[in-house]
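Both blocks below hold the same protein chain, though in two forms, and each is given as structure tokens: structure 1 and structure 2.
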Structure 1
Amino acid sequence: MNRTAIDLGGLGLDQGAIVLLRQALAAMAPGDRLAVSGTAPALLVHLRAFARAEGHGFEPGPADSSATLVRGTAASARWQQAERAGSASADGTVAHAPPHWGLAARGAAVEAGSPAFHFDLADRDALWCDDAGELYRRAMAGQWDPAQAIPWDAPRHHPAFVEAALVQVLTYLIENETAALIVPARFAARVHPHFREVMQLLAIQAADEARHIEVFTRRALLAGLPLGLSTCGGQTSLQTLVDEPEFALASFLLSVLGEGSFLHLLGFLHVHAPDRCTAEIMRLAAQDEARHVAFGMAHLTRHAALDPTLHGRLRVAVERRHAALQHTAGLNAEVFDALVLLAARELTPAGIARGHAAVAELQQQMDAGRRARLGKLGFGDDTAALLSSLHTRNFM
């Protein structure tokens, strides 16, 4: 049994002295004695109440300005049933994060009796990827400010029909990027905070899409034209993405197939941009989308290796979406024509032929890219070709 002394001087427990007492007692073993003295008014009254609340013994001293606290076990009993929420490192994740860990930081000691939170995405194998932390760090490093990164004042000398075509394509991009924001935002709120890197990746993915919506809208309005057309078929296609309830399937349809195809579209628009402002927007947006595709591929590759049923469920998701959209028009004619005009740059038969060929090549590149990604996920060549052909004609 050890005895320690502490002089609080004129500092009262209601002025912060309680912090000094807790620090001193925390370093002591049960049964050790802490002699406390001080000159604050009603010090003994406050010490007695503190001891009772914290589970320590209290022995009044010979004067009204001193007392002895006997380190009790009740103070530590509060945490004896606490459990660690894994460890703080990425390797400290557990197979399933229980509801009562709630919002506790990974690695924290969670007090018994903490409230349960409902996070239905709480299984490591359903959402984790080993590169999650690194992908998040890259995403943070790759953030850009539209006000600084985009040359909004760059000269524009292209014909009016090219500007109108660009506005129609940008209107289409805004609509698609809105869906691409909603999907990760919905799932981010369902991920157990124990898997913080995944939650953070989904949040920053939503932030990327918000920035894309901003720059696409600002560029579309730059020349004073009204925005273009939004079709029933286009919105129906996007609704199937927004309504998909399963994380793996939504990630597959959006990131692997949709955003993967969009990477080629943004590359096309970068090459055929009529001005430097538009070209830089497309380059930076593609940079962001590449990260989204990388996370989708990483998490689904790991998931597929652990779940033998995943390939079948992914295939069914593509077929189900194709069946739901087979009676829609697919990519609307206005967007297709606008892409042709952007590549043509002139209203001549030769120019239109050149633009049409460029769009056809774009569609072939999208198909080849989808098949390559499907192959990396473990689908055979024939199945990859079939699933790619069933992907929505609306690209996303």
Structure 2
Amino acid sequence: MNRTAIDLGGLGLDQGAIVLLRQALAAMAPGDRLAVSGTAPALLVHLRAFARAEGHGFEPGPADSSATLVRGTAASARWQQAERAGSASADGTVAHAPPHWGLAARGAAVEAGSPAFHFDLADRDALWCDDAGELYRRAMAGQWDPAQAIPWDAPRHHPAFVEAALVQVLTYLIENETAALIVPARFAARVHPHFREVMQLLAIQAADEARHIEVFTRRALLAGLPLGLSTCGGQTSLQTLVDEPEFALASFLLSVLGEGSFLHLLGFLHVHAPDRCTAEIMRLAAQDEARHVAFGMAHLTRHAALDPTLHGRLRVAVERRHAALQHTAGLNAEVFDALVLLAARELTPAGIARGHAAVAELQQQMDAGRRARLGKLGFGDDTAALLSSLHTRNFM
């Protein structure tokens, strides 16, 4: 049995002395005695109350201003069944994160009896990739401030029909970016926080999309035109994406096929931008999208290697979405025409021929890019070509 003494000086239990007492008692074993002295008013009254409330013994004296606390069992009992929620390091995840770890930091000691949280994405194999932490840090470092990064005041000398075409394309982009925000935002709230790097990645991906919505809107309004058209076909296509409940399938449709296609579209818009402001917006947005594609590729590659059924399910997802959309219009004519006009820059047969050829080339690039990524995910050439061709004509 140890005997320890603590002098609280003039510090009262109502002024924080309880912290000193708890620290001292925590280092002791049940049954150990802690001699407490001090000069604070009501010290013994408060010591008796503190000891009773926290399950320690109390013996007054020997002096008027001293007492002995006998360390009880309750203080440590609370933590006897506590369990470590994995470990904090990047390779400290467990295969399945249990509901009662809840919001606890990975690596924290979780008190037994903590409430269960129902995060349904709790299996590492279904969502993890080993460089998730690195991808998050890269995303963080790649954040840009629209006020600083975009030359909003850059001169604009293009004709009115080009501006109108640009506004239509931006209107289309905004609704696509909105879908691209909602999907990761929803999954961020379903991923068990044990896989914090994935949760963080999804959150910053949503933040990227919020910024894209912001800059596309701001650019669209720059010349004072009203926003363009939103079509049934476009929204129906996006609805099939937003409604996909399975993480792997949604991520495949959004990041690999949709954002993958958007990389080419943003590249096209960068090249054919009528002003420096638009060009810079497209360049920066494309940088962000490249990260979104990279994360989708990384976790799906790992997932596919661990789960032989995944390829089949991804394929079915594309086919199902294609079937759902086959009676819709696909890319709306207004967007298609606007892309042609942007690349044409002039309302002449020669200009339109150039623009039309550029858009046709864009669609070929998108197709080639999708097939290359599908190949990397382990699909054979024929399947990759088939799936790419079935991808929504709405691009996203």
Partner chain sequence: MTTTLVLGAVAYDAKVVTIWDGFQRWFDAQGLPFDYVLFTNYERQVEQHFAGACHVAWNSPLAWLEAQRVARARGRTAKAVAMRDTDRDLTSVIVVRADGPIRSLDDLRGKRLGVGAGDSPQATLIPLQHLAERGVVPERDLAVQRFDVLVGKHGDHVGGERDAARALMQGSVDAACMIDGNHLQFTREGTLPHGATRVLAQTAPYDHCNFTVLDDAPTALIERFVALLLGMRYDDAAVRPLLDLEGLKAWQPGRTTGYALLERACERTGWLQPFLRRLGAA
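C-alpha atoms forming the largest set that superposes within 1.5 Å between two forms make up the rigid core. Residue numbering: sequential along structure 1, first residue numbered 1. The model shown is predicted, which means the values in this text are computed figures rather than measured ones.
**Student:** Eyeball the pair and call it: which is the form predicted together with the partner chain?
**Tutor:** Answer 2, the form predicted together with the partner chain.
**Student:** Compare the position of the CA of residue 336 between the two structures after a rigid core fit and state whether the shift reaches 2 Å.
**Tutor:** It does not reach a 2 Å shift.
**Student:** Is the shift of residue 25 between the two structures large enough to count as movement, that is, does its C-alpha move by 2 Å or more after the core is superposed?
**Tutor:** Yes, shifts by 2 Å or more.
**Student:** After superposing on the rigid core, how much does the Cα of residue 49 shift between the two structures, in Å?
**Tutor:** On core superposition, this C-alpha lies 2.9 Å from its counterpart.
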